[in-house]
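Quick heads-up: it's one chain on its own, the form predicted alone, in structure tokens.
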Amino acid sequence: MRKQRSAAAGPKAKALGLGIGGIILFFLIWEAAPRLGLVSDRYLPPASEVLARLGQYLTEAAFWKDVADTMTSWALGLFIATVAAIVVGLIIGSSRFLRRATHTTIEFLRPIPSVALIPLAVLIFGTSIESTLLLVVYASFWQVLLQLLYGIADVDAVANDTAKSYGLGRLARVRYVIWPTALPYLMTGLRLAAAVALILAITAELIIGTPGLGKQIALTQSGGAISSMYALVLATGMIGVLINLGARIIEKRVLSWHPSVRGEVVL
């Protein structure tokens, strides 16, 4: 097993090195483009200037308050959407009639862009956090619900019928048969929803003006502070990377018993 892990460490280290190299190359090109006159520094300041401004932001309490506002909207919206999707998914997925009856409705509502709900959100809630939550919950809900429904549909019919023959009730079958099969799908939905929730939180702050990083990006852009704007955009990107990494770590821990994850751990 140690040999297997050491053998797999090489490709992983190589992939990590390539990733870091790609980031460095990106910033070098960014730095060179405005300094060589390929792009006006009025619209694209050098990367060193933007990174320096980002470093200043990291020492400012106001910046961290904006981060907290954004993460609060993200976390609350993702939590509400996840709970609602799990409840609705288990109810719909456990009934063939409900799956057929709601299929058309789900396929009709799912493609509606969340940003199309911005006028409705502003009309109902104004510029409060509830407007952001409406968009985040709506967008994240479908990510989790659809994955959960796919997972429930993938349950082995023979295993489900066997559980029925042994006298297991509905709740017991959900716990011992449906849930283990649907959990990998659910974790995939959560990982996708986490990214979507951040996108919608920032978008709502940009357009509606609710407190957070998105609002500050809009203010710096309108005020002509281009370096600050790019620094805040980089900050949102870093948050997105951290959220994705955190979601993957949680997914691997929760699914440590699953064959696919066990294979990754062994390798």
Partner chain sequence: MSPLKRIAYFVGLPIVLIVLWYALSFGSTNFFVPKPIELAQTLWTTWIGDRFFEDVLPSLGRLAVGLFFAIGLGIVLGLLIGSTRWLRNLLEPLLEFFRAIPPPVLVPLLMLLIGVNDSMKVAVIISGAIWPVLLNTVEGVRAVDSVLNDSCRSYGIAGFARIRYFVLPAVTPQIMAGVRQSLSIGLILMVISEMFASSSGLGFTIVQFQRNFAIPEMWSGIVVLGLIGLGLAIIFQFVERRVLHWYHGLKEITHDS
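Numbering follows the first chain given and starts at 1. Basically, rigid core = biggest C-alpha set you can superpose within 1.5 Å across the two forms. This one's a predicted model, so the numbers in the text were calculated from it and none came from an experiment.
The same protein has a further form, the form predicted together with the partner chain, not shown here; the description that follows concerns it.
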The partner chain in the predicted bound form: contacted by all of T82, L145 and S165, heavy atom 4.5 Å: no
Applying a 4.5 Å heavy atom distance criterion, does F26 contact the partner chain in the predicted bound form? yes
Contact between L38 and the partner chain in the predicted bound form at 4.5 Å, heavy atoms? no
Heavy atom of D161 within 4.5 Å of the partner chain in the predicted bound form: no
Find out whether any non-hydrogen atom of I250 is located within 4.5 angstroms of the partner chain in the predicted bound form, and reply yes or no. no
Quick one: from V67, A47, L234, A33, grab the residue that has a heavy atom within 4.5 Å of the partner chain in the predicted bound form. L234
Pick from V87, A75, A172, A116: which residue has any heavy atom within 4.5 angstroms of the partner chain in the predicted bound form? A116
Taking heavy atoms and a 4.5 Å limit, what residues of 69 to 107 are near the partner chain in the predicted bound form? F97, R100, A101, T102, T104, T105, E107
Compare the position of the CA of G19 between this form and the one not shown after a rigid core fit and state whether the shift reaches 2 Å. yes
